[in-house]
Each structure stands twice: as structure tokens, then as C-alpha cells.
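Encoded as C-alpha cells, the following chain is the form predicted alone, with no partner shown.
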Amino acid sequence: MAKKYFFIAMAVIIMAIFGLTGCVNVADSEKKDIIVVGFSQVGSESSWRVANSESMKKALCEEEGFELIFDDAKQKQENQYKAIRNFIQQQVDYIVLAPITENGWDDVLKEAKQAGIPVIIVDRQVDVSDDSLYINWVGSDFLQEGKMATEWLEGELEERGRENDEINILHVRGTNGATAQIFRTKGLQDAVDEHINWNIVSVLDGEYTEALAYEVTKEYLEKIQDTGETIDVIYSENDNMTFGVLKALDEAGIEYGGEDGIIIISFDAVRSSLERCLVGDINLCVECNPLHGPRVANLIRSIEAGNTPSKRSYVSDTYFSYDSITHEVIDERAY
């Protein structure tokens, strides 16, 4: 009788072991199906950047077959180096990088390549000696954005009968060395070179933040208040900087926007910027779509399926002017 109970007990134990083993194998199998992505983000310096982060988190979530390891670099490139090396140690399947500036990436991206981890660049670009260090870049054509802005400005000045007037442009620049800064600046400079009556009276560094743009603009306006210098156009390389600029103009009692004030050109076209365009505070909002998450997710799925992506994936952008924007456009805005 004792033997009978012994064998029954052993059978139960063996069945339990196999049952547990089976559960572990299922869990392992499920885990293997999850694609682990490490994402090094610039920071949260602007509304655009926040929308970009949320898009990535939503698209690269567990429900979509991903595990996202998100790192906020707080606008320090050394933090991005550290994050990428941590991703390598964690043996992630893919690394996604939104670089702060274009330069300084060769060494850490070589480490990722040696570890066999594909790297996808989003938004800003990287300037590396070997472009095989990353497999794809996803982002906007920033030079085209600059061209759209200056071509619109040319047409606006013609409509106002000012195409032959001296046009003084205050340029509020983003983070020096960032791709958007480089090409939006080039778009403006190319147009100035083509128009002998267009002058850049000053370049202010706003670092893509509202607070700094406000400070440098306020200081500049105080500097010129007794000189008789005038400003016809302000070319601000992102919306948050534009908000700082407008605050400084308000405090100085300077009229802007509409048909009679300083022409305000802004980039990104987030919802709050479009709202100010609708009331005429901003004359032109040039779009820069931040919703890269679905594009990156689809790109990874394509690579997993054995496809080879093109080196660059451009996002289509447009612009909105104060005399054509509608409530419907703003209501449909996802960011």
C-alpha cells in the first residue's frame, strides 16, 4: 500500500515538473517574440519633443510586440553616450537615437555595430565617417521647410507691395549643430543671398527653449530701442522659441503678426502655435511632424521580415498661414 502511494506521489511530482517546464517554455517563447528597443531621446525641451516621445512610447509598446527602454538625455550628449552603452549591455534588439547634434557619434555607434545591434536615427541626423553605422534615418526635410518659409515670405512681401523694400530679419536660432538648425538656417541664408534687400540684422541663440528665447530677445530689444533699428520679420526655428519671442515683444509694446505688425515665422506647427496663427499672432507655421513612432515600428517590422530599408525616410510636411488656417485644422491636430 505504501508503495502504491509512493508511486502516485512521484507521478504527481513528475507531472508538476513537466507542467512547470511547459509554462517556462511558453513564457520564454512569448518573450522571444517581443522586440526590445532602446530609445535615447534628446529631452523634453519643447512641445514638439514631448509629442515625439509620446508617439514612440505608444507605437513601441507591449501590445504592439515591443518592449521600449526609454532614456531622456536631458539635452546632454554625454548622457546619450551612456544610454547607448547601457542598451548594448542589455543586449537590446534595436537602438533608436534622436541625436542632440550631428557630430561625435562614430565611437559609440561603432560599439553598437560590433555588438550586432541595428541603429535607427530619428529627427536630427548624424555626421559619421561610415554610414553603415546606422541602418536608417527617419525625419523631416529641414532644408525644404526653410525653403517653404522663405518662399512664402517672398510672396507675402509682394502682396504687401514691399518686395523692393529693405527687409530686416531677426533670426532666432535653435541648438547650434542640430540638423534642424543647420538646414532651417541654410534655408534662410540662401534666400537672403538671393534677395539683396533682405538683411539678417542679428542671430540670437534660443536653444529651442521658450525661456532662453525670451531672455535673448528681450535683451536684444532693449539694446536697439534707442538706435532706431527696425525689425520687419522674425524667423524663429521652433514654436517654443517663438512663444518666448512673442512674450518679449508684448513686454516691449511692439506690434506683431497680422497684416501690419512684424511678420512672425515659426516652425513645428504644434497645436498651441496654430491657435496663435489663427488669431494672427503668428503669420506662418511651418509643419514638422513629430509622430515618428508608427514609422519606426513599421521600419523595424520590415527589417525583421528580411527587407533592406532605404537609408533615409522623409516625412511629408506642409505649412499654415494666418490668412488661410481654419478651426478644423487645429481640431484635427494630434499634438
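Remember, predicted model here, so these are calculated numbers, not experimental data. The numbering used is simple: start at 1 and walk along the sequence shown.
There is also a form predicted in complex with a small molecule; it is not shown, and the following applies to it.
Pick from 113-121, 213-221, 154-162, 234-242: which stretch has non-hydrogen atoms within 4.5 Å of the small molecule in the predicted bound form? Stretch with heavy atoms near the partner: 234-242.
Just to confirm, residue 40 within 4.5 Å of the small molecule in the predicted bound form by heavy atoms? Residue 40 lies outside the contact set for the small molecule.
Can residue 281 be called a contact residue for the small molecule in the predicted bound form at 4.5 Å between heavy atoms? Because no heavy atom of residue 281 falls inside 4.5 Å of the small molecule in the predicted bound form, the answer is no.
Contact label in the predicted bound form: residue 180 to the small molecule, heavy atom within 4.5 Å: The answer is yes: residue 180 has a heavy atom within 4.5 Å of the small molecule.
Could you tell me if residue 87 has a non-hydrogen atom within 4.5 Å of the small molecule in the predicted bound form? No, residue 87 stays farther than 4.5 Å from the small molecule in the predicted bound form.
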